[in-house]
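Taken one at a time, structure 1 and structure 2 that follow are two forms of one protein chain, written as C-alpha cells.
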Structure 1
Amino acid sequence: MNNLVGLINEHGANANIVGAVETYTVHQLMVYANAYRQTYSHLSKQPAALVYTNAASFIVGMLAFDGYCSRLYLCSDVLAKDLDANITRITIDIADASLTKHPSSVSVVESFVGEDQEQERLRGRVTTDSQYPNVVTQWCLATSGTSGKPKWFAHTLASLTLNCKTSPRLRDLCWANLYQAYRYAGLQVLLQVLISGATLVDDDSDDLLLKMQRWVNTNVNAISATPSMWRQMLMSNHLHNIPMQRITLGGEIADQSLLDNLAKLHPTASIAHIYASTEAGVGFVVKDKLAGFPVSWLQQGVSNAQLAIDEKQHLRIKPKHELDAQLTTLTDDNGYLDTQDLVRLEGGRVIFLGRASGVINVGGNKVPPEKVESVILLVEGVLQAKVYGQPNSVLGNLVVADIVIAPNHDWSNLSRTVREQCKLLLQRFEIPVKLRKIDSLVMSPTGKLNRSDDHV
C-alpha cells in the first residue's frame, strides 16, 4: 500500500484523537485532509513542509500530503526555518477559526466539513480520485541536533510502519502523547494509533502531574517514553493510578533496574524496549523485560534486521528496508550500518554501554557514562543519575556523577552505598571521584537526559 489513507482503510481502522477541547475520528480528519489536498493541489509531486501544531491537525496534513507530495518534511516552527526557502510550509490548526494559514483554503475546508452525509464518499476520494497522482512520498525527519545542526533523513511509509501491528486488543488501547509527533519516536506512536484504530490523548501541557491526571480521566493505558521520562513518572508517585496495559521505552538505554521497577508496579502490562534511530528507523523490539537483547540474535537475526558486533565493540545492524543514502559512509560492504552504539556480551545477553561519541577519556581509558549510570541506578533510593567528565590536567578527565535521590533517603548513607556499588561492579578508572546530590536533571526536548549542558 503506497499511502497512509489506503493503509488505514485496508485495516478498517478509525482511530480517535482526543484533543483538549474536541475529539475527532480519523474518518472526520480525512474530510479535512481531502479539502487541504485540493487547496494545495499545486504541490502535486512537489516537496512540502508540514509544521506541527497539534496531533489532530498534524494527522490531517499527513493524510492529505502522503502519496501526493514528493517529499514531506515533518517539523516544528524552528526546524522549518532551516529548510530551503523554496519548500512550501503548511501550518494546519483545525481548532483555529481561520483553519489554515493559506487564505484560499478556508472556504474549501468549510464546504466539505459541513456535509456529514458526504463523509464516506469524501474519505474515499482522498485515495481514489484519478485526478491526483499516486506517488511514493519520502517522509523526512530531523535528528535532535544535540551534537550539531539537525540532519534530515528520508523514510518511506513502508519502512516507518514496519513495526506497526493490528489486533482487536491493540485497537482498544488508549495512548498518551508524550513525544513530539514530528520526531521519529512520536511519529511511531501516531502511526501505530492510526493503523490499529486505537485512541490517542493529545496534551501539550508542560506539567507532568497535570498530564498524568488527564491520562487517568481519559483512561490512558498505553505509554511510549524514553527511560528518562519513565524515571520522572516513577518519581511522581502517580504512575500506579494509570492502568497500564502497554509500556514501551526507547531513545536511551533501558537498564534492568528501570525495567524491574516498571514490571513491579504494573505486573500485567507488556513491556518492550525499542531499538530505533531517526537515521535508520526501527531495528528491533525486546519484550522479555530484560536489559539488552539475546546473544542468539547475532546469529539468527530478528524480524526486521540482521545484527553483528564489530572489532570496536560497535553494534552493527542490517535492516530489511533501504537506508538513506547519507548513511553509505557508515555502512560496510555487506550492508551493515555502524550504529556507533557500544555493546558488550554478558551471559546470554548483548548489553548496551552507551554512545561511542560520548565516552569519557580518563587517562586513555574510555568510560561510557551510561555504563556508570546503570550501576548507580541499581542502588535503592537513587531515582536519576547523570555521569559526565570533569576536565583534569593530569588524566584529561575524571568521572563525576549527579544524583537525584528519593525524599526519604539520607544522602550520606546512600552516597556511601553508591561508592561501594561502583567499587564492586566497575573498574577503578570508571568509578566517579565526585558524587553530587541535586534536585533534578535537565531533559532535552526529545525527552532524553540532556548531556550537553554545563555541569561545573
Structure 2
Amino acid sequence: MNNLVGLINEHGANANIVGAVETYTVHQLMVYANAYRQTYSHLSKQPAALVYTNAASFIVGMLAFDGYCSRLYLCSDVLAKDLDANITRITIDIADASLTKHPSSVSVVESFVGEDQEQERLRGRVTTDSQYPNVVTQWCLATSGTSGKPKWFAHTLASLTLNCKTSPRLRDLCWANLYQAYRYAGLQVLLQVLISGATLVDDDSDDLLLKMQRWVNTNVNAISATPSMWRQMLMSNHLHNIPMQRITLGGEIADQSLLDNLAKLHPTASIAHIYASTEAGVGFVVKDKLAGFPVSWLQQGVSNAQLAIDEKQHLRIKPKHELDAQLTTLTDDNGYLDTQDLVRLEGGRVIFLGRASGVINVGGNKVPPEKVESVILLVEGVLQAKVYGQPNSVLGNLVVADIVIAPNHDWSNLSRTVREQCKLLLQRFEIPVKLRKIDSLVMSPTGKLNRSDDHV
C-alpha cells in the first residue's frame, strides 16, 4: 500500500507520542484521524494545507489526509498565509480543550472507538474508515527562494520514507523532537518514529536546558539536530546524562571536531550525518564518524543515489526517485541535479565547503543574501550592499554586510537606520551582525554584483 497507514501497518503500529501533557498511541491518533477525515470529507482528492500545532496533532493530520487529499501542504501558520486562498487550511490541536466543544469532532471520535478497532489494535494494526480513496498524495514542503518568498516542492511518501529504517532495535528508540515538523528534517524524524514504531517526546518549550532535563526523565536516547544545535547541547551539563544510542546531524556541514566531540561523549552511539535538501529529498547518510563522504562513492554511488562532481566543483546527485519538475533546469541530460553545494577532495574524502549560490546557512536557517541586500538598499543614502556569510564556530555562518554609502551621509547614523530597517523587515537570524563601510563593490561586466569572491 502506498500510504502512510499502510506503511505503519507493515511494520506493526507501535509508535507513541509523548506530548507535554498526555501520551498518545498511534491507535488513538488514528481514531482522531478517521474523525477528521469525516469532518473534511469534501477534501477527498482535493489539495489541503496542514498547519502545525504539535507533533501528535500533526500526525493526526498526516494519517487523515495522506492517501486522501491530492496535495498536502505542510506548513506553519506563517507559511499558510502565503498559500493560495483556495486551499483549505486545517489546524488540528487534539490537546485543545475547545476541541470537545467542536460539534463535528467529539461525536465522531467517540463513534470510532469500537470493538473492531480494539481487535485491530491487538493485531498491531491501525484501521481506516471504509471511504478511503487511496490516492497518491503529493506532500509539499516549503523552502526559501532567492527573494525570500517560500517555494513549494512536491514529494511522494515513497521518496520521503526512502531513508526510514525498521528493526526491533529502532523500535526501542525514544526520539526528541527538536525540529519544526513541517520542514524536511522534522518530517523525517516524525516518519522514522511512525514507521519504526518508536517513541517521540514532544514539547513546546524554547528553553533547551528544560527540554534536556525532560529528555532525561522520558528516557530519550535518539536525537536529530543541526550541528549548531549539537554545539549548543554540548555547552550544557546534560548531554552526558542522556544515554544516546542514535545521534543524527543534518541541515548544515558536520565538521570533524564536532563529530569527534560527540563520539567521545557517547562512544557507543551510532552517529550519522544526513545530506539532504527540501528540494530534492534525502540524498545519503554518512555513518563512519568522519566529515564529508568517501571519494569512492563518486564511482560506486550510495544506496539511493549516484554522485558526481562537475567542473565548477558542485556536487551533483542523481536520486532514484523522481524529482520535482521545478528542478529540471538544474538537472543535466544524464539526470544529475546540481545541488549548488561546493565540494573539495581532501585525503580520500569529499568535503563540503558551502553553498555556491551564496545562500548563507545560519544554524540550519537559509538566508538568501539578495533578500537582505534588498532591505538594506531601501535605506536612503545606501548606494550598494553586498551580503555574505562569515564562518562562525557556533552557528556555522553569520550574516555580514558590506555597504557603500553616498557622499555627505554620516556612517554612524546611516548604519543605525540600516540596523533598524533590518530589525523591522527581517527575521533575527537574517539581520547582519556586522555592517562594514567600504568604498566600492566590484560589479561583473553585466552589471551584477560580483559574487565570485564570496567569503565561503
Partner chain sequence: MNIEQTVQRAMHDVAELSDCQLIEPIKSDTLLLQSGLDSLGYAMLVAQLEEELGIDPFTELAITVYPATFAEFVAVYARGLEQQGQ
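Take the two forms, find the largest set of C-alpha atoms that superpose within 1.5 Å, and that set is the rigid core. Source: prediction; values computed, not measured. Residue numbering: sequential along structure 1, first residue numbered 1.
Novice: Please let me know, 1 or 2, which structure is the form predicted together with its partner chain?
Specialist: It is the second structure (the form predicted together with its partner chain) rather than the first.
Novice: Would you kindly verify whether residue 195 and residue 233 are assigned to a common rigid part between the two structures?
Specialist: Yes, residue 195 and residue 233 move together as one rigid part between the two structures.
Novice: Calculate, from C-alpha superpositions, the turn of the smaller rigid part against the larger part between the two structures, rounded to whole degrees.
Specialist: The angle the smaller part turns through between the two structures is 157 degrees.
Novice: Report, in Å with one decimal, the C-alpha displacement of residue 388 between the two structures after core superposition.
Specialist: Taking the core as reference, the C-alpha of residue 388 is shifted 5.7 Å.
Novice: Superpose on the rigid core and then read off how far the CA of residue 368 has moved between the two structures, in Å.
Specialist: Once the two forms are fitted on their core, the shift reads 14.8 Å.
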